[in-house]
Ligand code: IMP
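Coming up is one lone chain in structure tokens, specifically the form predicted alone.
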């Protein structure tokens, strides 16, 4: 059984669209979210920690809104910015830009304690960049007898999904987070119904890649 680490049941329902019936369940686990400028190290660190907690295959995701004219801001800090500045404030900042192109990105991190065969997909083995992003204690014993990635690197398979769009004035009553200000193909995510949004979403695209690979795992 695959454990999808999330507090949001909607993410599990979305994953069930791509995975065999009964093959995924939700795991409510509050893993450490490290500070990093990229999504990959965050998802990789979370997947390692969740695997050690669950002792079973796990899937962790990290996602963010990347605004071109703001050098990718808010990016990995999207949740914090939403909580502190608010979505409408992000729109106000972007409204003065000549370039309001943006993208939603999602990175899925998968860990089952085993290695992976070589492939074009990225595999995070706890290299120095990830250790640096995780902080100075990452290479030390974490208190449950397991070493951090520097001394016991658990391989993590990463899958990225990407959907392009642009920042617009808030429209629509659906969705959550930045959905009202992110327009893709003429509609904001908040204007789309659930099926339409899932069909084009960054998480859905990452899940599609993962499901194709996972079928042969």
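Residue numbers count along the first chain shown, from 1. Note that the structure is predicted; figures quoted are calculated from it, not measured.
If you look for the form predicted together with inosinic acid, you will not find it shown, but the lines that follow are about it.
### Query
Among 22 to 30, 57 to 65, 44 to 52, 154 to 162, which stretch has residues whose heavy atoms lie within 4.5 Å of inosinic acid in the predicted complex?
The contacting stretch here is 57 to 65.
So, residue 205 and inosinic acid: in the predicted complex, are they within 4.5 Å at any heavy atom pair? Because no heavy atom of residue 205 falls inside 4.5 Å of inosinic acid in the predicted complex, the answer is no.
Taking any heavy atom pair closer than or equal to 4.5 Å as contact, tell me whether residue 110 reaches inosinic acid in the predicted complex.
Looking in the predicted complex, residue contacts with inosinic acid do not include residue 110, since no heavy atom lies within 4.5 Å.
Give a yes/no on whether residue 177 approaches inosinic acid to within 4.5 Å in the predicted complex, heavy atoms considered. Yes.
**Message:** How about residue 82 - does it come within 4.5 Å of inosinic acid in the predicted complex, if we only consider non-hydrogen atoms?
**Reply:** Residue 82: yes, in contact with inosinic acid in the predicted complex.
message: Residue by residue through 11 to 28, which ones have a non-hydrogen atom no more than 4.5 angstroms from inosinic acid in the predicted complex?
response: Stretch hits: a single one, 11.
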